[in-house]
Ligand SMILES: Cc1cc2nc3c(=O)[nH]c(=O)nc-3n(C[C@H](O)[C@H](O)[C@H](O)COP(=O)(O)OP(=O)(O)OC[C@H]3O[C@@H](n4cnc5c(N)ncnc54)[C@H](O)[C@@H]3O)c2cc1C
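The form predicted alone is given below as one chain in structure tokens.
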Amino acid sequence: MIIGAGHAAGQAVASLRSGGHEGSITLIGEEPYIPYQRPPLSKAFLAGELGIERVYFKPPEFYDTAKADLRLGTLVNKIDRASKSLTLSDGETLAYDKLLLTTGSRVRKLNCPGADLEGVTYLRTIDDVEIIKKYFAPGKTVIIVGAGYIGLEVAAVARKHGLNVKVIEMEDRVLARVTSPEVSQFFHDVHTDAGVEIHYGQAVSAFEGDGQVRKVITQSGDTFDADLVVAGIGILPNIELAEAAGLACENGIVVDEFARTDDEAVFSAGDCTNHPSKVYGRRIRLESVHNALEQAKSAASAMCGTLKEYDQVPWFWSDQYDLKLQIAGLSQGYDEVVVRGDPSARKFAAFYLKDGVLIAVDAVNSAPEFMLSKKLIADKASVAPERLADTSISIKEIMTKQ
């Protein structure tokens, strides 16, 4: 049994079959769609450059070939670990031998007057995108709450479609929680040069409208006209089922390096998990496609009786305008940042060091720096800052001479 129908679930079906599982597989998903990719939702799918069939993780016939029973548009109300059974929202009870929780995450919602007005939206699902697309017309005004990856990606697509875009951010810079001031300044300049207004140190206090949102009011008293509001203020792991079933949870469902919970019959993978990282020497919860796919492979392997450790350098990406930002590692806790290349040329990398050890890199249109740095991060390599900054020394040479 697999609860959840995202990246991890789709990968788990494939890995269970390739791993030799010949028994039944049932996948239960809350949405009416087969597992699909989320990153394109705020990028090419929102821009209308991809049809829905190209967003699917695997084509529909894959699940027929894999003999997977899909229960879509269905909620699981309860997990009974004692009887190894699930109770569905329609009252049906299903038994399991092994259970995989890929329940993912959900958007953090705004809690202020008017947050339930039409046109106050989020971006997490296909249906969310279809709602947003209805407002994508030149001259319309979209207010984006939150200057994280999702907010900036939506801002880029909206500007390319001729919308007036204003971003409201509580912090004093974009991407404040995930990157350095140097990289934040670069993306601030990119967006403002494209015509995006960014208002820092602002929090939304209320929305006003006539059923449809018309105005956004901030705590400082500023008022912004709006045809659409898209909020991107973070996500929360879906751990309620696991908690109710008595599984250990702490900022996610607690699993080991093989995606096993504290119940030998229950496994978990994806955004909803809290897992150990040898690279960083602590437990982490990741919100990334790479994590969902690789952890699902480990979970499926363990479910088939073969332990395959999940221990990889995290990586992420963001597409904004003509820029591809590729991130390797986690930069939190860095004490030095080294910029390699020229931000004005829209091609550079920011390396994050802690006690001289490379822990992360933000690479803008710089694929070699991204790809080769993953190994340096995994090896916990000490790298001389002056060598990283020296573009006359190739990143490959830097890597091979550690």
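Keep in mind it's a predicted model, so treat the numbers as computed, not measured. Counting begins at 1, following the sequence as shown.
Only in words, not in the display: the form predicted in complex with the named molecule, which the text now covers.
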Under a 4.5 Å heavy atom criterion, is Ile28 part of the interface with the named molecule in the predicted complex?
yes
Even though the named molecule is not shown here, does Tyr200 get within 4.5 Å of it in the predicted complex, heavy atoms only?
no
Quick one: is Leu70 in contact with the named molecule in the predicted complex, heavy atoms, 4.5 Å cut-off?
no
Considering non-hydrogen atoms and a 4.5 Å limit, does the named molecule approach Glu287 in the predicted complex?
yes
For the three residues Val76, Leu123 and Asp271, verify that every one has a non-hydrogen atom within 4.5 Å of the named molecule in the predicted complex; reply yes or no.
yes
From the candidate stretches 191 to 199, 234 to 242, 138 to 146, 160 to 168, select the single one in contact with the named molecule in the predicted complex, where contact means a heavy atom within 4.5 Å.
234 to 242
Which one, Leu372, Val364, Ile359, Leu41, lies within 4.5 Å of the named molecule in the predicted complex by heavy atoms?
Leu41
Scan 94 to 131 and note down the residues that get a heavy atom within 4.5 Å of the named molecule in the predicted complex; none is a fine answer too.
Thr102, Thr103, Gly104, Ser105, Leu123, Arg124
